[in-house]
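Here we start with a single chain on its own, the form predicted alone, put down as structure tokens.
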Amino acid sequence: MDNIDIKSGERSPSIMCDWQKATMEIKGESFPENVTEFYGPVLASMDNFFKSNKNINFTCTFHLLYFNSSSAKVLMRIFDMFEEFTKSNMHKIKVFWKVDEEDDNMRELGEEFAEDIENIQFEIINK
């Protein structure tokens, strides 16, 4: 399976997935014109990776400076996928939500996401 290395754009974050190391990082601002087109291949690769493997210790780091409501829905889809795969394939998934110390808004958004999560470890980290 090929790794993913998407460079950030004016409206989209960088996304790096190293499947051999079981890591993923999403960084920057996320308000692409077509969220489905931008995130679709990443979600499909994640789905394939998790369904093709068992007992993976996976780490995902988010350092988002801004995201719109469409991107928030994709983030929830990612977290839902993580929840599903921890239950069905016994993967262990850890999420790091990096925030700048003074960014109370992004911290609160991370806390809201964390409230909806039951089976994955979610840690908010000051950057």
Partner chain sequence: MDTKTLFDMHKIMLGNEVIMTYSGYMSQALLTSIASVLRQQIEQDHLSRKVMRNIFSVFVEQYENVVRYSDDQIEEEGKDDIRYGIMAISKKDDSYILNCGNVIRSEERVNILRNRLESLKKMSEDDLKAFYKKKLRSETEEGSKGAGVGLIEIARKSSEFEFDFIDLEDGTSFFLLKSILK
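The structure displayed is predicted, hence computed values, not measured ones. Numbering follows the first chain given and starts at 1.
The same protein also has a form predicted in complex with the partner chain, omitted here; what follows describes it.
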Find the only residue in 48, 55, 69, 88 having a heavy atom within 4.5 Å of the partner chain in the model of the complex. 69
Taking the shortest heavy atom distance, is residue 76 within 4.5 Å of the partner chain in the model of the complex? yes
Is residue 106 close enough to touch the partner chain in the model of the complex, meaning at least one heavy atom pair within 4.5 Å? yes
Within 4.5 Å, heavy atoms only: does residue 84 come near the partner chain in the model of the complex? no
Quick check on residue 10: any heavy atom within 4.5 Å of the partner chain in the model of the complex? yes
